[in-house]
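Quick heads-up: it's one chain on its own, the form predicted alone, in structure tokens.
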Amino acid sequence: MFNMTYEARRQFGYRIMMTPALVLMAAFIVFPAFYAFSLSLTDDALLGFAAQESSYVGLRNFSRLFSDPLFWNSLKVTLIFVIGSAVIGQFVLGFASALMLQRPVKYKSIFNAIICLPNAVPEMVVGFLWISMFASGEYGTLNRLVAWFGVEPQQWLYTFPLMSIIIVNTWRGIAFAMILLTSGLASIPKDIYEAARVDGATDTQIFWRITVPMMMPTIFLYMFISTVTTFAIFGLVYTLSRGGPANSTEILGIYIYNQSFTAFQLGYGAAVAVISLVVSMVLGIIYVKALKVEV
């Protein structure tokens, strides 16, 4: 080691410093993924004979999974939930907030606090908070608000279950989108805007031809992170609706939980988890290929 060049010693030092992170990734990401896959090839369960001694069943769990209409329903609900809350809701409102903060705004610190506060609250607390907001009857917070406009009291989590959880998750995630997109906007040189205005470009032309193209790496990063994290949400939706009514909000995380710990079928639940992981990886690859952005 003492005969190494300076560059070789520096590279060796980088590898040493990366070792704890790699060990943690292997312990909490790689190993659980391989264990889940091995578990998905068995009939392991929490009750019955399989709980005493599980046996290898090959791809039987996956065959059952692809013929299960409840699985396809949970996948469809998850995709709608991700697109509605992360891709559309959080991104649009977060981008609008980031653009607003680029202008001189009165009480900007208060505005920031209002948007960032939901992201600091644990998702279980957010769930219970919005349960009181969506409470049925004339004393529910939302019902009291809409009563001012002559709207009859609603059972929001039963009448509009999927839309309700999309709204809650959008409300909670605007802050992350705003912070990340604000950093992207701050990295755009101001000289480009000034040159465009000198050439007679309108605000709309500047936004679509300068701001959006130069923001694409940041937009890609946000979309990738928000899609994967929203795909893996469990606690917020479980607190709000438990996947009901009639499986209308049963996202993949809740479906995995129900199959593993309510139906006690660990092997089948692990198979669903493996498919969920594959779908998340495919979505990530699609982002990389479609946007052609190097990270």
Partner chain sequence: MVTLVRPANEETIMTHHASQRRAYLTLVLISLFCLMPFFWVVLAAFDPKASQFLQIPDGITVNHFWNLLANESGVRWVLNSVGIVGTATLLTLILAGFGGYALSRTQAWWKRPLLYAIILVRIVPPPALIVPVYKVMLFLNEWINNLINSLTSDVAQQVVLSRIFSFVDGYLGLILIQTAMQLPLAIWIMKTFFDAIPKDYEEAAALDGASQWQTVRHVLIPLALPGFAAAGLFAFINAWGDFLMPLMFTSSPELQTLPLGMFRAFLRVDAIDYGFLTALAVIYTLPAVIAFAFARKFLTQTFSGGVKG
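The model shown is predicted, which means the values in this text are computed figures rather than measured ones. Under this definition, the rigid core comprises the largest set of C-alpha atoms superposing within 1.5 Å between the forms. Residue numbers count along the first chain shown, from 1.
Beyond the structure shown, there is the form predicted in complex with the partner chain, which is absent from this document and is the topic of what follows.
With the partner removed from view, the residue among Ile206, Leu221, Ala147, Ile192 that has a non-hydrogen atom within 4.5 Å of the partner chain in the predicted complex turns out to be Leu221. Of the listed positions (Leu47, Ala246, Leu59, Ala27), a single one reaches within 4.5 angstroms of the partner chain by any non-hydrogen atom in the predicted complex, namely Ala27. For a residue to qualify, one of its non-hydrogen atoms must sit within 4.5 Å of the partner chain in the predicted complex; all three of Leu117, Val125 and Phe176 qualify. Using a 4.5 Å cutoff between non-hydrogen atoms, Ala263 does not count as a contact of the partner chain in the predicted complex. Contact between Phe160 and the partner chain in the predicted complex is not found at the 4.5 Å heavy atom cutoff. The closest non-hydrogen atom of Ser85 lies beyond 4.5 Å of the partner chain in the predicted complex. Contact between Asn112 and the partner chain in the predicted complex is found at the 4.5 Å heavy atom cutoff.
Residues of 129 to 158 that come within 4.5 Å of the partner chain in the predicted complex, judged by any heavy atom, are Leu129, Trp130, Ile131, Ser132, Met133, Ala135, Ser136, Tyr139, Gly140, Thr141, Arg144, Leu145 in sequence order.
With the core held fixed, the Cα of Gly235 is displaced between the shown form and the other one by less than 2 Å. With a cut-off of 2 Å and the rigid core superposed, Leu59 has a Cα displacement that falls short of the cut-off between the shown form and the other one.
Residue displacement note: Phe261 has its CA displaced by under 2 Å between the shown form and the other one (rigid core superposed).
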